[in-house]
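Take a look at this single chain in structure tokens; it is the form predicted on its own.
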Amino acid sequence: MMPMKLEDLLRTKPVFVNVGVRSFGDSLREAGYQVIHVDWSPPAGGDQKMAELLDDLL
């Protein structure tokens, strides 16, 4: 693979990788950008209360 020149890079539309909160990526997609979503959430270490709090965030 040949390295991309800076000028070429700046002319191309970015592709975003969205990790976790899907609505962030949805906003970019609605603006016309390509988005790759990674379904991820932080581990709670087995703590049920912490897992519930993290679920509320997502």
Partner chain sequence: MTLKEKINAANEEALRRIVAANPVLVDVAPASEVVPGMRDKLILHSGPPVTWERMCGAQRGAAIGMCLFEGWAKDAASAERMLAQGEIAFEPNHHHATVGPMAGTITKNMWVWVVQNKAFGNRAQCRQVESFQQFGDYSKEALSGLQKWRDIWAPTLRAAVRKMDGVMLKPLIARALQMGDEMHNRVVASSSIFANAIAPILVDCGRSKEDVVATLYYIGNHPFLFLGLAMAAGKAAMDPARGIEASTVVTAMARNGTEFGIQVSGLDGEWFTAPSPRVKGLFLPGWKDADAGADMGDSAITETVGWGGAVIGGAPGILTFTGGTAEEALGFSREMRNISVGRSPDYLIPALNFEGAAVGIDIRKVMQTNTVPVIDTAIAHKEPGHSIIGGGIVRPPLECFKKALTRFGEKYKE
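Keep in mind it's a predicted model, so treat the numbers as computed, not measured. Positions refer to the first chain, counted from 1. Whichever C-alpha set is largest while still superposing within 1.5 Å between the two forms counts as the rigid core.
We do not show the form predicted in complex with the partner chain, though everything after this point is about it.
**Student:** At a 4.5 angstroms cut-off on non-hydrogen atoms, which residues of 43 to 58 are near the partner chain in the model of the complex? List them in order.
**Tutor:** Heavy-atom contacts within 4.5 Å come from 43, 44, 45, 47, 50, 53, 54, 55, 56, 57, 58.
**Student:** Tell me whether residue 50 is among the residues that move between this form and the one not shown (Cα shift of 2 angstroms or more, core superposed).
**Tutor:** Yes, shifts by 2 Å or more.
**Student:** Quick one: residue 48 and residue 19 C-alpha atoms, closer or farther in the model of the complex compared with this form (3 angstroms or more)?
**Tutor:** So the answer is closer.
**Student:** Can you tell whether residue 53 sits closer to or farther from residue 28 in the model of the complex than it does here, judged by CA atoms, where the change is 3 Å or more?
**Tutor:** Between the C-alphas of residue 28 and residue 53, the gap widens in the model of the complex (3 Å or more compared with this form).
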